[in-house]
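For reference, the chain that follows is the form predicted on its own, supplied as structure tokens.
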Amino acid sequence: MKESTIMKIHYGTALASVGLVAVHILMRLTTGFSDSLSYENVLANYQSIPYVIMLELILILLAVHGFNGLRVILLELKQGRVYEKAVSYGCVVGMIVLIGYGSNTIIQTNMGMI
């Protein structure tokens, strides 16, 4: 993939993340911050499908943005075909693991398993 495409993905995920995290914070402020962190309110949030979708999107956007940024940093440290492939594949695997773990938590909580 071309570097300009990778940077467009990086900028796009940053902008989308800022927007969704702002909405997430505003939602927390509508009920009072300390009340929004009570166990019952947190579980109620996970029962709301639109809220769960927003959390999943935030998770995916931040994982893509973070691992893409890590990849760029690591590629600046050292060059070489094998190294670059290892870093790229390692970041993709890390991203998938993080999204899988976070999604598992969201799904289990939504289904009442936690």
Partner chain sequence: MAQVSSIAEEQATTPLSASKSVLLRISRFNPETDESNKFMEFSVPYQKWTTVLEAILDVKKHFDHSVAVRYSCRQATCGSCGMLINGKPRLACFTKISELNSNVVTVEPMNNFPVIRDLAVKFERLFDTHQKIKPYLIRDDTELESDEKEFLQSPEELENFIQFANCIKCGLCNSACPTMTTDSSFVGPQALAQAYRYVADSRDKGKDSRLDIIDESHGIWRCHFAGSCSQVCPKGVDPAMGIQFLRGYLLGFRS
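Take the two forms, find the largest set of C-alpha atoms that superpose within 1.5 Å, and that set is the rigid core. On a predicted model such as this, the values are computed, not experimentally measured, just so you know. Residue numbers count along the first chain shown, from 1.
Form predicted in complex with its partner chain: not shown, discussed below.
> Is M111 a contact residue for its partner chain in the predicted bound form, using a 4.5 Å heavy atom cut-off?
So M111 does not count as contacting its partner chain.
> Decide whether E84 counts as a contact residue for its partner chain in the predicted bound form under a heavy atom distance cut-off of 4.5 Å.
Taking the distances in the predicted bound form, the answer for E84 is yes, it comes within 4.5 Å of its partner chain.
> Should E76 be classed as touching its partner chain in the predicted bound form when contacts are defined as heavy atoms within 4.5 Å?
Yes, E76 lies within 4.5 Å of its partner chain in the predicted bound form.
> Would I60 count as touching its partner chain in the predicted bound form under a 4.5 Å heavy atom rule?
Close contact is absent here: in the predicted bound form, I60 is far from its partner chain, nothing within 4.5 Å, heavy atoms only.
> Who in 1-21 is close to its partner chain in the predicted bound form, meaning a heavy atom within 4.5 Å?
K2, E3, S4, M7, K8, Y11 sit within 4.5 Å of the partner.
> Following rigid core alignment, is the displacement of the S88 C-alpha between this form and the one not shown equal to or greater than 2 angstroms?
Indeed, S88 is displaced by 2 Å or more.
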